[in-house]
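Consider the single chain below, provided in structure tokens and representing the form predicted alone.
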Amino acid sequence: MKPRAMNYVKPTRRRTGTILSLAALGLAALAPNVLDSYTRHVLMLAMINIILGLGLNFTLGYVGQPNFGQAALFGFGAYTSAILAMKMHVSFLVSIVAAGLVTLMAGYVLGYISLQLRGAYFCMVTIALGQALLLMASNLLRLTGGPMGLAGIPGPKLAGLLSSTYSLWLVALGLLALMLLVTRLLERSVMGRAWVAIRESETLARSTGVDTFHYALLAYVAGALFAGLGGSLYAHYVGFVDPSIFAFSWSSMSVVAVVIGGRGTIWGPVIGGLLVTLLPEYLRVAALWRLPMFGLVLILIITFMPDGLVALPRLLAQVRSRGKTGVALPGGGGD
């Protein structure tokens, strides 16, 4: 009887987790009805940052390549969606799907070029790609508006019944949930195991027959798709894009989010994206001390939790177990 009971532990936990996830998703969908406009705005930006971090996590977290070019793909998706919506007058759903597909193809080309290199050289190429696209967006006046950018990008209205802001909230929430599910499936697939093998030792992975370039390219392309969709959401939400969207600050923020949240994990970018968005906003009361305080928090997290905040429950459990062991030892052991 005992082995049979053990077989139902995992399905029961999985079912409970699914129910809790659906309940959390439903509450998040209703959240704009009870939140003030400022909180809704900050949380919307947090969702976009999380999407950006989830895309970066494929190359930085699972494959282990230092990628600072996520802003290039993010801006590419934003401009693609903005140009389609404003100059070709396509609908929101068409523009966001097109932005994801175009960015995916651009990611394949850029990844094929940049992944010929590794380590610091790969990192330098990804930075250069962002700067190159920034210059292109600044000089293609008729297409991108040049330094003035593109203003008046329309927001979506689902079935014409919901407001543009609330419609975009639902789309962003649905995309985020779908991306978390896709990340989960990829992590457990042969592709995910190949990514981890490359991260641990690319030479050893290659010696066992893993096509390291192929799998690294797939990780880059998956990250490009996520970044393009996130850029499209940002363009339609803010209603304006300019060349500053290719700035290095966007890439560095996503790198910080993935590192402090937990590289190579599903929930790491979620925790990190929330932190890098919410903490600077709610530290505004400290005025000039806001950014130094934010930097200090990041340094403390990286120093004492190198595996990221996602490992905090495990660390607390270890501390608790050591405390119990320390109490039991002087008494001569336990049961």
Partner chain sequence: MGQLAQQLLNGVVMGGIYALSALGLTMVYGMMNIVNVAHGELYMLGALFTYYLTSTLGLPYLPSVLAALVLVALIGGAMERSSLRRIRGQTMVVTTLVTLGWSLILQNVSLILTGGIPRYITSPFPETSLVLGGLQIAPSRLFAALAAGAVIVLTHLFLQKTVLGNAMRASFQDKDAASLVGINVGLIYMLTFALGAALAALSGGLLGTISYVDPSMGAKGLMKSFVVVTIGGMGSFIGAIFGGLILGIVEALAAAYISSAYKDFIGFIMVVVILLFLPSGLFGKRERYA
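Residue numbers count along the first chain shown, from 1. Worth saying up front: this structure is predicted, and the values here are computed from it rather than measured.
Not on display, but discussed next: the form predicted in complex with the partner chain.
Q: In the predicted complex, which of the stretches 264-272, 293-301, 47-55, 22-30 has residues with heavy atoms within 4.5 Å of the partner chain?
A: Going through the listed ranges, the match is 293-301.
Q: Check each of 97, 132, 170, 180 and return the one that places a heavy atom within 4.5 angstroms of the partner chain in the predicted complex.
A: In short, 132.
Q: Report whether all of 62, 108 and 188 sit within 4.5 Å of the partner chain in the predicted complex, measuring from non-hydrogen atoms.
A: Not a single residue of the candidate spot has a heavy atom within 4.5 Å of the partner chain in the predicted complex.
Q: Can you tell me if residue 139 lies within 4.5 angstroms of the partner chain in the predicted complex, counting non-hydrogen atoms only?
A: Because a heavy atom of residue 139 falls inside 4.5 Å of the partner chain in the predicted complex, the answer is yes.
Q: Look up in the predicted complex whether residue 123 has a non-hydrogen atom within 4.5 angstroms of the partner chain, and give yes or no.
A: Yes, residue 123 is a contact residue.
Q: Under a 4.5 Å heavy atom criterion, is residue 252 part of the interface with the partner chain in the predicted complex?
A: Close contact exists here: in the predicted complex, residue 252 approaches the partner chain to within 4.5 Å, heavy atoms only.
Q: Is there a non-hydrogen atom of residue 208 within 4.5 angstroms of a non-hydrogen atom of the partner chain in the predicted complex?
A: It does not: once the partner chain is placed as it appears in the predicted complex, residue 208 has no heavy atom within 4.5 Å of it.
Q: Any residue of 187-222 with a heavy atom within 4.5 Å of the partner chain in the predicted complex counts; write them all down in order.
A: 202, 203, 206, in sequence order.
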